[in-house]
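Okay, here we've got a single chain as structure tokens, the form predicted on its own, with questions on binding and movement later.
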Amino acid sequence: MEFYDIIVVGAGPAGFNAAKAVRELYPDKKLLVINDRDSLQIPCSIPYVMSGKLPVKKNAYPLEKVKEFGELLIDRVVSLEPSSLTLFTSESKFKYEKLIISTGWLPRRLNLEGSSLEGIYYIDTTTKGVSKLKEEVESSDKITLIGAGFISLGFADQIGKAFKGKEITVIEAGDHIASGVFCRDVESEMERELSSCGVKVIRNCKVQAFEGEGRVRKVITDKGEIDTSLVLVFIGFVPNSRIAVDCGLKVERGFIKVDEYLRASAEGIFAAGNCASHKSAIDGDFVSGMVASVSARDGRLAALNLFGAKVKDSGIVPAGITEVGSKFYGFAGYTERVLERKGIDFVLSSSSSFDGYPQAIGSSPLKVNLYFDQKGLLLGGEVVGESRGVWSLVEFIKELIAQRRRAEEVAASLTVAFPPQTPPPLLQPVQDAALNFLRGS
């Protein structure tokens, strides 16, 4: 039985970054990374593969690069024995001193009549699976997407832009789209953008069954039947935590329970990424951290703490960006629907600006919404714009929230300015929205 100082299970963003950090921090340690597949695609950019903007080969996940950090084994971990620091794969067993579990997520699946018909797909990150799905998208004239979260809207948007004339329908069981992280006005704008791409959105609609002879031809809902030739199911994800559950590690809502150093409940074991539990930096509540940016951070954080607690996880600020139609939509923290659900009184303050200056140099409109509590503490924000610069404002707002900044501090904050790349110094939208709040308070 071979011994490794450190074993990382899973080579997604958390595992990859953990392995990279291990090699930088502990160059003398013997490292093994175990992954259950040898060919992966980058999940977030699969919609662009569907539209033809990105070739499948160019979307390949850099799994082979892991070999620069340590040994890479393509095998499936079947069980752990924490008491003896032993890991079992389908073909071998290993001893370890430290173990990082970064096994990621699995797609949530439907259990309805007809669910096993051909033509019903879930997100698949293997190169073979993505290639097959691309062929299906290209050959199908009626495509139904179930669920209206970020990944579903990304698929619908890119397919609608690339293939004019296809009938594309998005079915959402709730009364929101984009996972309910945007205010109703922004949601309505997103829906108009989708409509301009030929995408129809049906809210408050529950799928009851699928029909077809061998292959799906109809989606049966509580609002009627929808003819289809392809179904893409995007109803969320569940943590891939089975090996942790089976060996007795503590879990929370299916996620591996970790402390502020990402340590699991058994000696020497850490968990990172989509399979690990996360808390909000805003109020300490449980929050899903199932995005690549959090996973990448987790991998580095777990590695830093392997041989002594060094850096605490102070919680995460939920954040994300998506592209719909001609615009980019980003959020950070708690926005309208989340605040309403939590029963938190809030004040919405907005500002409009541009993503460059002076306008003669070429610029497009930006809009920022900020959410403050009654005392002026920043709780959340939304950014809508036509340029990729949306991400920098989302990141700025996210950091202000993490630092627990109040409106006065937000208004007084310093940001860089450069004509072709940033909002104008005379109308910086985040600071201006904070001033608008102060004027009305």
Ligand SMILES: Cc1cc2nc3c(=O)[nH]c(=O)nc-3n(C[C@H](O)[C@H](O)[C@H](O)COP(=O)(O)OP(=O)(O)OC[C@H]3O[C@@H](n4cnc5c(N)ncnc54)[C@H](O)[C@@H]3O)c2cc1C
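In case it trips you up, residue 1 is the first one in the sequence shown, and so on. These figures come from a predicted structure and were not determined experimentally.
Keep in mind that the form predicted in complex with the ligand is missing from the display, and what follows is about it.
Partner contacts here mean any heavy atom within 4.5 Å of the ligand in the predicted complex, and among 204-212, 91-99, 147-155, 186-194 they occur only in 147-155. Not displayed here, the ligand is kept clear of Ser326 by more than 4.5 Å at the level of heavy atoms in the predicted complex.
When the ligand is considered in the predicted complex, Ala18 lies well away from it, no heavy atom lying within 4.5 Å. Among residues of the shown chain, Tyr261 is not one whose heavy atoms approach the ligand to within 4.5 Å in the predicted complex. A residue is said to contact a partner when one of its heavy atoms sits within 4.5 Å of a partner heavy atom; Glu408 fails this definition for the ligand in the predicted complex, lying far away.
Put simply, of Leu377, Val49, Cys44, Leu32 only one has a heavy atom within 4.5 Å of the ligand in the predicted complex, and it is Cys44. In terms of contact with the ligand in the predicted complex, the residue from Ser349, Ser353, Ser295, Ser277 that brings a heavy atom within 4.5 Å is Ser295. Residues Val9, Gly10, Ala11, Gly12, Pro13, Ala14, Gly15, Ile34, Asn35, Asp36, Arg37 are the ones in 1-39 with at least one heavy atom within 4.5 Å of the ligand in the predicted complex, listed in sequence order.
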